[in-house]
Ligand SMILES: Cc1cc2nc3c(=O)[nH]c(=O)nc-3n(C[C@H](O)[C@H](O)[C@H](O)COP(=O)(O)O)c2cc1C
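Only one chain is included here, represented as structure tokens and corresponding to the form predicted on its own.
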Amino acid sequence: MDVPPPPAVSTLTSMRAKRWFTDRPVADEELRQVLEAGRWTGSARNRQPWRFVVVHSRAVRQQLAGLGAYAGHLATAPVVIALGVEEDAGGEDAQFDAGRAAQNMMLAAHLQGLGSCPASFFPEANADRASRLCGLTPPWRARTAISIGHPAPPPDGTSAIPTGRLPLAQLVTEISEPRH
């Protein structure tokens, strides 16, 4: 018997990456709420190893869109938030914490009816170029950016991305106390 999830969980599980946006701008207050959600994200030892670079410039968004295999959506979003991470202050911990901040910002966008999608800048040379475009200097580096805007349907109405989720039975392994 399937039990429907509570409303808060349904809201979380209904979020999907949006790669297509209308021309409608993101309101300043909507953007501020997204940034606040990132600011209040927890981090290891409360280091907050991130800085958020808000990119409104069409030219910079278009250049960023060319720096990742799946970053094209950055060019068409009304606003992009690049995550500058202080890599010298915790290395992999800092990247994990930045991922938490990105997810919180994407959830805040979703709760306001906005769409979002993350993009990664790889290989290393692309992350270096993205960092320079965003005005970041070492130890700050941008490996990730988030497109944000009012969602629009894909141009052809379909997606090449598979839909659905694997069942929990395929994803979860439990380790319990041994029985005597």
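The first residue of the sequence shown is number 1, and the count goes up from there. What you are looking at is a predicted structure, and each value in this text was computed from that prediction instead of being measured.
Below, we turn to the form predicted together with the named molecule, even though it does not appear here.
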Indicate whether Arg24 is a 4.5 Å heavy atom neighbour of the named molecule in the predicted bound form.
no
How about Pro151: is it within 4.5 Å of the named molecule in the predicted bound form, going by heavy atoms?
no
Trp40: heavy atom within 4.5 Å of the named molecule in the predicted bound form?
no
Quick one: is Ser120 in contact with the named molecule in the predicted bound form, heavy atoms, 4.5 Å cut-off?
yes
Let me test this: is every residue among Arg61, Arg129 and Arg132 within 4.5 Å of the named molecule in the predicted bound form, going by heavy atom positions?
no
Where, within 3-24, is there a heavy atom within 4.5 Å of the named molecule in the predicted bound form? Residue list please.
Met15, Arg16, Ala17, Arg19
